[in-house]
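Below, in structure tokens: the form predicted alone, a single chain.
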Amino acid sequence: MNHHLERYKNISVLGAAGKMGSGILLLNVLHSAKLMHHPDYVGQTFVVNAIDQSFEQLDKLNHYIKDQVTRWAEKNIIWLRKAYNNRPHLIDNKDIIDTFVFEALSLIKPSINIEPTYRSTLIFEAIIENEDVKTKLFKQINDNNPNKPFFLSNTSSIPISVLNDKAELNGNIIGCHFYNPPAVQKLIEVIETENGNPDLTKLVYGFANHMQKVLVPSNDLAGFIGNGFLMRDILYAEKQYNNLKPDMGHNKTILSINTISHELLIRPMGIFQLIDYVGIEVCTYIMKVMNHYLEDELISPLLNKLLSLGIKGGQNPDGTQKDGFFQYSEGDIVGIYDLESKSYISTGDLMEEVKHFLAVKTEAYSWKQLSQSKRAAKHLDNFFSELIKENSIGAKMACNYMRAMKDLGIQLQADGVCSSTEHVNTVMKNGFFHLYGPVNNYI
């Protein structure tokens, strides 16, 4: 019997009711439910402990998991019919789906106490991004658990070696950074410590492959590849903002740079809309955490200014977008936060002025168009080859932005964050849904 698979028989997810934890819990429930049908595990007991701070949160979590498992079962009915072919009384698809959902949900053991983790062999962690809180919890579990559990931390910015040393885990920890939402996003950044347990690495790669995830190794430097790139992308945009603002003012400058990074770089969102999506408060916090470990200062006066005015961005509990740099209606940008009046004003007339200022003649494809096109690479090549020739302000700004992002990708490799710029490209394409990597031949 595979000793790696034995580890899956008792799992705990810390922060299970949170945005990231709920998705990680779902993946583990599906994984364990599928393992129950493996010939070596028929009739054996599986447990997935869902640990969080309140039963109210855990009750809401149960509804989410049931809905998602049902959807998964409906999409995978062919596999399920084979899995249940030894139960002749299950005839209709609905009966098979209901049975699978019941069995999957029965794996979950909700708790607001930490004690269930003392019997687990795998600990998935998705709690607050705080070194002291994480290490205190890890050490408590490790000291009370005779099974020498493996810890998989979803930290997006704290070096794994720091967590390992402070919690005295002897290499039984690995960075397993899922992207939001974990159930949908294919990307996982994997961060090993220098003297990490190779069995843990094998387990993570096996789990990820089984769940059809795209794995990218990152070296153990604060922020890793994803946030290492994004935070510096934000600071580049802010640098351009500072250059343009004296002549154009805050509102037109924000709209100009957002338009460049969205429409002319053909990204799913402009940089300031992306900040709103992640959360202004979250971005500033990530920079603060990274600064604790890095020599270079990742500080955004612009984001700090908005925070001081109570503008935080992020999402509502139902997934809708909160207002940040921009005001949103059904996901669309309809207003911009005006620093002078301290209120949102319409973007309608302002956007017309911005388009006139940028004066781009080359017609851009939309990200949505190309994301669904089998000829996307050819269209991108044609578009950027024309844009480079153009002499408009917008074209020059877009090309400069692309050069800066290429330099950033190369710098991440030079700084030892990753061993290849292809890893940067893979993270940006899979984690941020860019159509092309920053290190490319377009520019």
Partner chain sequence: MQRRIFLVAGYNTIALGTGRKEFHPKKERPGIEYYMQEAGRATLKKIGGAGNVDESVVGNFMASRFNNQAHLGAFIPSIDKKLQYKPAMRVEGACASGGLAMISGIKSILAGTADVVLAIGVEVQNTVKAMYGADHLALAGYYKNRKNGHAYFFPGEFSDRAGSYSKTYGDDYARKGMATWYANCIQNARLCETAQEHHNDSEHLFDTGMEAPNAELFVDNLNYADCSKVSDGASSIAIVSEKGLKRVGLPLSEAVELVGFSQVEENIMEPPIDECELSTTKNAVSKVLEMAQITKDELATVETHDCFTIAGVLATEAIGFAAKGKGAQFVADGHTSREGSIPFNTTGGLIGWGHPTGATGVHQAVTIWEQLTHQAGRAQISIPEHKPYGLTVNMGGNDKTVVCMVLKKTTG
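Computed from a prediction, not measured in an experiment: that's the story for all the values here. Residue numbers count along the first chain shown, from 1.
Keep in mind the form predicted together with the partner chain is missing from the figure; the text below concerns it.
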| field | the partner chain in the model of the complex: contacted by all of Glu74, Arg81 and Arg375, heavy atom 4.5 Å | value | yes
| note | Residue within 4.5 Å of the partner chain in the model of the complex by heavy atom, from Lys109, His292, Lys202, Lys94, is Lys94
| field | Residue among Ile174, Leu90, Leu235, Ala208 with a heavy atom within 4.5 Å of the partner chain in the model of the complex | value | Leu90
| said: Is Thr70 part of the interface with the partner chain in the model of the complex - any heavy atom within 4.5 Å? | reply: yes
| message | Using a 4.5 angstroms cut-off on non-hydrogen atoms, would Asn85 count as touching the partner chain in the model of the complex? | response | yes
| Partner-facing stretch of 367-375, 225-233, 118-126, 178-186, counted where any non-hydrogen atom is within 4.5 angstroms of the partner chain in the model of the complex | 367-375
